[in-house]
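A lone chain, given as structure tokens: the form predicted on its own.
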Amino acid sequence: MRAACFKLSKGVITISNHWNWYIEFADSHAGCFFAIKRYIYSGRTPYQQVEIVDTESYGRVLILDGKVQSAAFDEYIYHEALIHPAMTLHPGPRRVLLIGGGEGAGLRELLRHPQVEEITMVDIDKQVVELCREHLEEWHRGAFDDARVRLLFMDARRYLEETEEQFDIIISDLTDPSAAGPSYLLFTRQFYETAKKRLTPGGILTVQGGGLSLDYMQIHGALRNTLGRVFKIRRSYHTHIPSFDSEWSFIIASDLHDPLALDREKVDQRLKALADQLKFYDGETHEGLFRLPKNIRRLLSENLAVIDDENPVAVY
């Protein structure tokens, strides 16, 4: 990815040598952009293109294959939404598997829960993790070095197929499934069936489910349907992530635990020991996360697609 150089004047794009802009395309006709102050790192690993930049609007930003993954300004919204609903819903999560999550912020949030005894993090791209360890300390805050954390650098699907370990919670924090990316076959029915075998009875799986724009909605709907083929309960939830310029979605799945059964009082009671550490998630937020607007509910109800190995899905 190379940043285009331009500035806006009365809505007209003109070339300028004084501005560096990051542009992320939602599709071939639309996108968003923001100004870059300086590049911290730019290069390619064996798996993906990596940029770490400082921006005017969002502070430091991690970009993989041309898509924003985390920004200092609002990463806590994404990571608290990803981690804490499942951790709050499960009555006693001791062993957790985190798939992806190279920034270390997911580890940071998991480690807030005192009952957690062991976290296994599986990420295929060791170089990204090392770059984040070096340049994104504000994200991980030393979480990679916690004694409860075990890091494995390998393909997550192969790991789940080969291991006999069991987990109370599995969190899938993968990049979007692009055809050329490393997570292309980690969103299929077969993958989720394999993941379910590694869950303890009553275990919970959470996945990041992509944006809820009209273009991404089909992917989220297909993910939701696919998880519904594997688990008895699957619930979509969402929140706005400013640096993504999008309403972002997640899906929580289980055969036993339903997040809609938790009201704000129960959530706040279960979070009592760490409530002061959280900036985004609490009981009132929990109830709002799982309230989908009518138009989104309608679009999801009309989507019948299921993702499998023979028919995978890819984002633009």
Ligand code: SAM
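Every value quoted in this text rests on a predicted model; they were computed, and no experiment measured them. Don't overthink the numbering: it's just position in the shown sequence, from 1.
Keep in mind the form predicted together with S-adenosylmethionine is missing from the figure; the text below concerns it.
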Review point. Does residue 252 make contact with S-adenosylmethionine in the model of the complex, using a 4.5 Å heavy atom cut-off?
Key: no
Check your understanding: Should residue 245 be counted as a contact of S-adenosylmethionine in the model of the complex, where contact means heavy atoms within 4.5 Å?
Key -> no
Review point. Would residue 239 count as touching S-adenosylmethionine in the model of the complex under a 4.5 Å heavy atom rule?
Key: no
Exercise for review: Decide whether residue 174 counts as a contact residue for S-adenosylmethionine in the model of the complex under a heavy atom distance cut-off of 4.5 Å.
Suggested key: yes
Revision key, fill the gap. In contact with S-adenosylmethionine in the model of the complex (heavy atoms, 4.5 Å), from 196-204, 142-150, 120-128, 161-169, is stretch 120-128
Check your understanding: From the list 267, 64, 61, 289, which entry has a heavy atom within 4.5 Å of S-adenosylmethionine in the model of the complex?
Key -> 64
Revision key, fill the gap. The one residue among 225, 218, 213, 208 placing a heavy atom within 4.5 Å of S-adenosylmethionine in the model of the complex is 208
Check your understanding: Mind listing which residues of 60-85 have a heavy atom within 4.5 Å of S-adenosylmethionine in the model of the complex?
Key -> 62, 64, 68, 69, 78
